[in-house]
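To begin, one chain is listed below as C-alpha coordinates, in the form predicted alone.
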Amino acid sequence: MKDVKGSLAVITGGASGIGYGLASAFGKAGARPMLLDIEAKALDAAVAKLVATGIDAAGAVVDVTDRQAMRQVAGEIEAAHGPIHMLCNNAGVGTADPLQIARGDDWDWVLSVNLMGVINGLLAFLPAMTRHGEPGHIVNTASVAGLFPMRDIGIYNTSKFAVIGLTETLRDDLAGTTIGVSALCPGYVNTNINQSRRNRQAAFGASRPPQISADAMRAIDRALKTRGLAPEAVGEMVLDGMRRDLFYIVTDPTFWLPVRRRFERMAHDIAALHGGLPASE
(Lines give C-alpha, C1' and ligand atoms only; values in the text may rest on other atoms or scores of the structure.)
Protein backbone atom coordinates (compact mmCIF):
# COMPACT_ATOMS: atom_id res chain seq x y z
CA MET A 1 0.00 0.00 0.00
CA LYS A 2 1.68 3.16 -1.19
CA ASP A 3 -1.27 5.42 -0.40
CA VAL A 4 -3.10 4.79 2.88
CA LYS A 5 -5.33 7.84 2.73
CA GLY A 6 -8.90 6.91 3.58
CA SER A 7 -8.05 3.28 4.31
CA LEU A 8 -9.26 1.52 7.45
CA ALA A 9 -6.48 0.19 9.70
CA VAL A 10 -7.26 -2.27 12.50
CA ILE A 11 -4.60 -2.29 15.23
CA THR A 12 -4.67 -4.70 18.17
CA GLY A 13 -3.04 -3.53 21.37
CA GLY A 14 -3.75 -0.07 20.01
CA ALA A 15 -4.30 1.85 23.24
CA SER A 16 -0.64 2.27 24.13
CA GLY A 17 2.95 1.67 23.09
CA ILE A 18 3.69 0.55 19.56
CA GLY A 19 -0.01 0.12 18.80
CA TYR A 20 -0.68 3.76 19.55
CA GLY A 21 2.42 4.74 17.56
CA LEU A 22 1.05 2.85 14.56
CA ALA A 23 -2.35 4.52 14.93
CA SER A 24 -0.75 7.96 15.13
CA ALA A 25 1.46 7.45 12.08
CA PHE A 26 -1.33 5.95 9.99
CA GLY A 27 -3.77 8.64 11.08
CA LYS A 28 -1.39 11.47 10.18
CA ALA A 29 -1.04 9.90 6.73
CA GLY A 30 -4.83 10.04 6.27
CA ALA A 31 -5.82 6.51 7.28
CA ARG A 32 -8.65 5.74 9.70
CA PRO A 33 -7.23 3.81 12.65
CA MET A 34 -9.50 1.38 14.50
CA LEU A 35 -7.90 0.58 17.84
CA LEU A 36 -8.61 -2.73 19.56
CA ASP A 37 -7.48 -3.23 23.15
CA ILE A 38 -8.32 -5.11 26.32
CA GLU A 39 -8.09 -1.95 28.50
CA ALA A 40 -11.27 0.11 28.17
CA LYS A 41 -10.07 3.29 29.94
CA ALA A 42 -6.75 3.38 28.13
CA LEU A 43 -8.55 2.76 24.83
CA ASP A 44 -10.98 5.63 25.37
CA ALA A 45 -8.11 7.97 26.24
CA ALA A 46 -6.08 6.92 23.19
CA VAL A 47 -8.98 7.39 20.77
CA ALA A 48 -9.81 10.78 22.29
CA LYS A 49 -6.19 11.89 21.93
CA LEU A 50 -6.09 10.90 18.27
CA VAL A 51 -9.44 12.52 17.51
CA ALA A 52 -8.26 15.74 19.18
CA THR A 53 -5.48 15.95 16.57
CA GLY A 54 -7.95 15.60 13.72
CA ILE A 55 -7.52 11.87 13.11
CA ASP A 56 -10.62 9.85 12.25
CA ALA A 57 -10.11 7.18 14.92
CA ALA A 58 -12.39 4.76 16.74
CA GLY A 59 -11.95 1.84 19.10
CA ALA A 60 -13.42 -1.38 20.46
CA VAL A 61 -12.66 -3.39 23.58
CA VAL A 62 -11.69 -6.98 22.85
CA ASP A 63 -9.37 -9.68 24.18
CA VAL A 64 -7.28 -11.10 21.33
CA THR A 65 -7.20 -14.51 23.03
CA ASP A 66 -10.99 -14.76 22.57
CA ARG A 67 -11.44 -16.05 19.01
CA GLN A 68 -15.21 -15.68 18.94
CA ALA A 69 -15.06 -12.12 20.26
CA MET A 70 -12.47 -11.23 17.62
CA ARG A 71 -14.67 -12.59 14.87
CA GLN A 72 -17.66 -10.70 16.23
CA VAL A 73 -15.82 -7.38 16.44
CA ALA A 74 -14.49 -7.89 12.90
CA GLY A 75 -18.02 -8.14 11.59
CA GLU A 76 -19.13 -5.11 13.59
CA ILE A 77 -16.23 -3.00 12.31
CA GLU A 78 -16.87 -3.88 8.68
CA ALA A 79 -20.59 -3.22 9.04
CA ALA A 80 -20.01 0.18 10.64
CA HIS A 81 -16.88 1.42 8.86
CA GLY A 82 -16.55 -0.47 5.58
CA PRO A 83 -13.80 -2.72 4.23
CA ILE A 84 -10.62 -3.21 6.24
CA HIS A 85 -7.38 -2.54 4.37
CA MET A 86 -4.66 -2.78 7.01
CA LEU A 87 -4.37 -5.23 9.87
CA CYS A 88 -1.72 -4.84 12.56
CA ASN A 89 -1.65 -7.86 14.86
CA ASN A 90 0.30 -6.00 17.51
CA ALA A 91 -1.05 -6.98 20.95
CA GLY A 92 1.69 -8.53 23.02
CA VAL A 93 2.85 -9.33 26.54
CA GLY A 94 6.16 -10.28 28.08
CA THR A 95 7.52 -12.30 30.93
CA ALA A 96 11.10 -13.02 31.95
CA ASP A 97 12.16 -16.30 33.54
CA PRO A 98 14.76 -18.94 32.68
CA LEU A 99 13.06 -21.86 31.00
CA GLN A 100 14.04 -24.25 33.77
CA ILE A 101 11.74 -22.43 36.21
CA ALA A 102 9.04 -21.29 33.77
CA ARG A 103 5.49 -22.15 34.84
CA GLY A 104 2.77 -23.63 32.71
CA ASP A 105 0.47 -20.66 33.09
CA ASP A 106 3.29 -18.33 31.94
CA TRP A 107 3.60 -20.37 28.76
CA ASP A 108 -0.17 -20.37 28.27
CA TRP A 109 -0.48 -16.61 28.78
CA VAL A 110 2.35 -15.46 26.52
CA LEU A 111 1.58 -17.89 23.71
CA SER A 112 -2.16 -17.15 23.90
CA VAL A 113 -1.59 -13.42 23.45
CA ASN A 114 1.57 -13.20 21.33
CA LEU A 115 0.96 -16.11 18.98
CA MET A 116 -2.71 -17.07 19.17
CA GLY A 117 -3.62 -13.38 19.23
CA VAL A 118 -2.00 -13.04 15.79
CA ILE A 119 -3.72 -16.19 14.56
CA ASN A 120 -7.08 -15.02 15.88
CA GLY A 121 -6.55 -11.68 14.14
CA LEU A 122 -5.94 -13.44 10.84
CA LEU A 123 -8.95 -15.71 11.29
CA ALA A 124 -11.17 -12.74 12.09
CA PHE A 125 -10.04 -10.23 9.47
CA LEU A 126 -8.13 -11.89 6.62
CA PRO A 127 -11.07 -13.58 4.84
CA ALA A 128 -12.86 -10.26 4.30
CA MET A 129 -9.61 -8.55 3.29
CA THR A 130 -9.03 -11.13 0.56
CA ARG A 131 -12.66 -10.99 -0.63
CA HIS A 132 -12.88 -7.25 -1.24
CA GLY A 133 -9.81 -7.33 -3.49
CA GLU A 134 -8.61 -3.82 -2.69
CA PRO A 135 -4.97 -3.09 -1.80
CA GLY A 136 -4.13 -4.08 1.77
CA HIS A 137 -1.31 -4.87 4.14
CA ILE A 138 -0.83 -7.04 7.22
CA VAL A 139 1.79 -6.26 9.84
CA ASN A 140 2.44 -8.87 12.51
CA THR A 141 4.44 -7.60 15.47
CA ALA A 142 7.25 -10.01 16.25
CA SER A 143 10.50 -8.79 17.84
CA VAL A 144 14.25 -8.92 17.41
CA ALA A 145 13.75 -11.66 20.03
CA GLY A 146 12.17 -13.64 17.19
CA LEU A 147 15.33 -13.41 15.12
CA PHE A 148 17.89 -14.63 17.66
CA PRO A 149 17.61 -16.13 21.15
CA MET A 150 18.00 -14.12 24.34
CA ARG A 151 18.71 -15.61 27.72
CA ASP A 152 15.98 -15.60 30.40
CA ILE A 153 13.12 -14.70 28.04
CA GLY A 154 12.65 -18.10 26.44
CA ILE A 155 8.85 -18.02 26.50
CA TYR A 156 8.82 -14.63 24.81
CA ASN A 157 11.49 -15.81 22.33
CA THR A 158 9.38 -18.85 21.47
CA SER A 159 6.27 -16.78 20.80
CA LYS A 160 8.13 -14.32 18.58
CA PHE A 161 10.06 -16.96 16.63
CA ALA A 162 6.67 -18.52 15.88
CA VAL A 163 5.26 -15.19 14.70
CA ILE A 164 8.23 -14.79 12.33
CA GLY A 165 7.65 -18.24 10.83
CA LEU A 166 3.92 -17.66 10.52
CA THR A 167 4.44 -14.28 8.85
CA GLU A 168 7.07 -15.53 6.41
CA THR A 169 4.64 -18.25 5.30
CA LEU A 170 1.75 -15.78 5.13
CA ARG A 171 3.74 -13.58 2.75
CA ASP A 172 4.32 -16.58 0.47
CA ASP A 173 0.68 -17.64 0.66
CA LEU A 174 -0.52 -14.12 -0.26
CA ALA A 175 2.00 -13.61 -3.06
CA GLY A 176 0.15 -12.52 -6.19
CA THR A 177 -2.75 -11.04 -4.21
CA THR A 178 -3.40 -7.39 -3.39
CA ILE A 179 -2.27 -7.86 0.23
CA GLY A 180 1.28 -7.19 1.35
CA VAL A 181 2.80 -8.65 4.52
CA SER A 182 5.45 -7.40 6.92
CA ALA A 183 7.00 -8.63 10.16
CA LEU A 184 7.68 -5.83 12.62
CA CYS A 185 10.77 -6.67 14.70
CA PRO A 186 11.19 -3.98 17.35
CA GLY A 187 14.27 -3.69 19.51
CA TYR A 188 14.10 -1.41 22.53
CA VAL A 189 10.98 0.76 22.41
CA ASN A 190 9.75 3.06 25.16
CA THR A 191 6.57 1.18 26.02
CA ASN A 192 4.95 -0.28 29.11
CA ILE A 193 5.28 -3.93 28.02
CA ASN A 194 7.17 -4.50 31.26
CA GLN A 195 3.87 -3.87 33.05
CA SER A 196 1.86 -6.15 30.78
CA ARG A 197 0.94 -8.28 33.79
CA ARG A 198 -1.66 -5.60 34.58
CA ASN A 199 -3.86 -7.19 31.89
CA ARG A 200 -3.10 -10.82 32.69
CA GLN A 201 -6.36 -12.75 32.62
CA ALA A 202 -7.50 -14.86 35.56
CA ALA A 203 -7.39 -17.96 33.36
CA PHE A 204 -3.64 -17.46 32.98
CA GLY A 205 -2.75 -17.01 36.64
CA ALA A 206 -3.34 -13.30 37.15
CA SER A 207 -3.33 -13.70 40.93
CA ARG A 208 0.08 -15.39 41.08
CA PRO A 209 3.05 -13.13 41.83
CA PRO A 210 5.73 -12.79 39.14
CA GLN A 211 8.89 -14.83 39.58
CA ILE A 212 11.21 -12.11 38.29
CA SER A 213 12.67 -9.89 41.03
CA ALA A 214 11.74 -6.24 41.53
CA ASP A 215 15.35 -5.26 40.79
CA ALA A 216 15.27 -7.12 37.48
CA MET A 217 11.98 -5.45 36.57
CA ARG A 218 13.47 -2.03 37.30
CA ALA A 219 16.50 -2.83 35.16
CA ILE A 220 14.25 -3.74 32.22
CA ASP A 221 12.28 -0.53 32.73
CA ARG A 222 15.47 1.54 32.67
CA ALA A 223 16.58 -0.11 29.43
CA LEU A 224 13.22 0.55 27.79
CA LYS A 225 13.14 4.18 28.90
CA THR A 226 16.79 5.10 28.24
CA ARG A 227 17.45 3.07 25.07
CA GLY A 228 13.97 2.80 23.66
CA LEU A 229 12.65 4.50 20.56
CA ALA A 230 9.47 6.55 20.74
CA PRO A 231 6.49 4.43 19.63
CA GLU A 232 5.57 7.14 17.11
CA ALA A 233 8.99 6.71 15.46
CA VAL A 234 8.31 2.99 15.13
CA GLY A 235 4.94 3.81 13.56
CA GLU A 236 6.64 5.97 10.94
CA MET A 237 9.11 3.17 10.17
CA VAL A 238 6.25 0.74 9.66
CA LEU A 239 4.45 3.16 7.35
CA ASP A 240 7.62 3.59 5.31
CA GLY A 241 8.22 -0.16 5.22
CA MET A 242 4.67 -0.83 4.07
CA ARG A 243 4.92 1.71 1.27
CA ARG A 244 8.12 0.04 0.05
CA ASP A 245 6.75 -3.48 0.58
CA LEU A 246 9.56 -4.43 2.97
CA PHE A 247 9.08 -7.66 4.83
CA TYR A 248 11.42 -7.34 7.84
CA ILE A 249 10.90 -4.02 9.60
CA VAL A 250 13.71 -4.00 12.18
CA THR A 251 13.76 -0.85 14.28
CA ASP A 252 17.47 -0.91 15.21
CA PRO A 253 20.13 -1.92 12.64
CA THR A 254 22.60 -2.91 15.37
CA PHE A 255 20.55 -6.06 15.96
CA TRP A 256 21.76 -7.33 12.59
CA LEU A 257 25.00 -8.36 14.34
CA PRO A 258 23.50 -11.10 16.58
CA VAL A 259 21.24 -12.17 13.72
CA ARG A 260 24.29 -12.62 11.50
CA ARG A 261 26.10 -14.57 14.23
CA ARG A 262 23.13 -16.94 14.46
CA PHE A 263 23.26 -17.73 10.75
CA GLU A 264 27.04 -18.01 10.82
CA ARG A 265 26.71 -20.66 13.56
CA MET A 266 24.14 -22.46 11.44
CA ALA A 267 26.40 -22.42 8.37
CA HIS A 268 29.36 -23.62 10.44
CA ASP A 269 27.48 -26.61 11.85
CA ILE A 270 25.99 -27.62 8.49
CA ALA A 271 29.46 -27.45 6.93
CA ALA A 272 31.01 -29.41 9.81
CA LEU A 273 28.43 -32.17 9.53
CA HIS A 274 28.48 -32.47 5.73
CA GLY A 275 32.05 -31.51 4.86
CA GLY A 276 31.18 -28.15 3.43
CA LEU A 277 28.31 -26.10 2.10
CA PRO A 278 26.62 -26.38 -1.32
CA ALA A 279 27.91 -24.00 -3.97
CA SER A 280 25.84 -20.86 -4.41
CA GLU A 281 23.46 -20.92 -7.33
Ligand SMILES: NC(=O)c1ccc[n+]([C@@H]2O[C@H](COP(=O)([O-])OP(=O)(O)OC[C@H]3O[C@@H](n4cnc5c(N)ncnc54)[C@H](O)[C@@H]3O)[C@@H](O)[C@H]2O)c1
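Numbering starts at 1 and runs along the sequence shown. All values derive from a computational prediction rather than experimental measurement.
In what follows, reference is made to the form predicted in complex with the ligand, a form of this protein that is not presented.
Contact annotation: of the candidates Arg103, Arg198, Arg71, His81, the single residue with a non-hydrogen atom within 4.5 angstroms of the ligand in the predicted bound form is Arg198.
This chain lacks the partner; the member of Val93, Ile155, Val181, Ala124 within 4.5 angstroms of the ligand in the predicted bound form by a non-hydrogen atom is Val93. In summary, the region of this chain contacting the ligand in the predicted bound form, judged by heavy atoms within 4.5 Å and restricted to 95-103, 71-79, 167-175, 134-142, corresponds to 134-142. In the predicted bound form, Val64 approaches the ligand with a heavy atom inside 4.5 Å. Remark: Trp107 does not count among the residues lining the ligand in the predicted bound form, judged by a heavy atom distance of 4.5 Å or less. Contact annotation for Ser16: at least one heavy atom lies within 4.5 Å of the ligand in the predicted bound form. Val113 belongs to the set of residues with a heavy atom inside 4.5 Å of the ligand in the predicted bound form. Shown without its partner, the chain has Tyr188, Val189, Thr191, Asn192, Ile193, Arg198, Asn199, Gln201 in segment 188-205 as residues with a non-hydrogen atom within 4.5 angstroms of the ligand in the predicted bound form.
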